[in-house]
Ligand SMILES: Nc1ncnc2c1ncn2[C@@H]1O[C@H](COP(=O)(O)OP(=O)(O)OP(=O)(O)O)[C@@H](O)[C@H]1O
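Let's start with one chain on its own, the form predicted on its own, as structure tokens.
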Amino acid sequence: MTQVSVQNLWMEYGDQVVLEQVNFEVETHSFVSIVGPSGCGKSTLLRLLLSQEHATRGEILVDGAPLPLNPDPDRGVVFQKYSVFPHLTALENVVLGLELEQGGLFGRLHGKAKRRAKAEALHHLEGVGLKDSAHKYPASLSGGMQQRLAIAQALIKKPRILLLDEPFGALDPGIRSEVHDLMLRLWWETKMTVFMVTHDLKEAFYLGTRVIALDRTRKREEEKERYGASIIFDTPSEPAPIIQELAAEAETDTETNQNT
């Protein structure tokens, strides 16, 4: 279960109000797309969900408990710029998350622990279609492959919440469509709750089970600093074709198991 409740959230920087009175409830295993014009606080909201920043007023609850004050393994994040280490191979990039978590003071694993970590990393690389590229360095991977590697980095920590900050904006249209379906398949299989910031409305409605739009309702020059953005619409979205297929497969499997 990973329900998220955002209650009367305000974010101010000095005299400038960025977000005001933001309220929404998110059920477990939702894929929430957050849209709106530049400067309306979309990425600020994502940073608040990650605990990189803290709200001026209001609170965020996860399964009824206050959001931890600092980022933790329960919340993964993927940015638009590929957040991979150029001096490490694809496998080493993914293993690193486990080494830093389990490797003690020096962040290193040895022996059986190292072999288990590599096996788990290979499993995640296979999940994003990069098992055959495990030995390659990021410089020899395409943009789409690097973004899939960044997704594997995030997923190896088994987050309950995944935060995506315009993760597909730099990809070519053909590659973007491929990575969209990969992301949806991984979301479906892992049962995570996902929040994604995007400028692309088509992408928002294709990926999201729900689309939340932020904007400032007061836009006169003298009002821009003292009034922040809030939710102007919040609507469910039709499941993408791949999700409909996965849901149908799951229903068929359930019926088969019940009849055997």
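As the structure is a prediction and not an experimental result, all values here were calculated from the model. Note that residue numbering begins at 1 and tracks the sequence as displayed.
The same protein also has a form predicted together with the ligand, omitted here; what follows describes it.
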Please check if residue 166 has a heavy atom lying within 4.5 Å of any heavy atom of the ligand in the model of the complex. yes
Can you check whether residue 199 is within 4.5 Å of the ligand in the model of the complex, heavy atom basis? yes
Proximity of residue 215 to the ligand in the model of the complex, heavy atoms at 4.5 Å: no
If we define contact as a non-hydrogen atom of the residue within 4.5 angstroms of the partner, is residue 16 a contact of the ligand in the model of the complex? yes
Listed range touching the ligand, judged in the model of the complex by heavy atoms within 4.5 Å, from 58-66, 205-213, 30-38, 187-195: 30-38
For 122-157: residues with a non-hydrogen atom within 4.5 angstroms of the ligand in the model of the complex? none
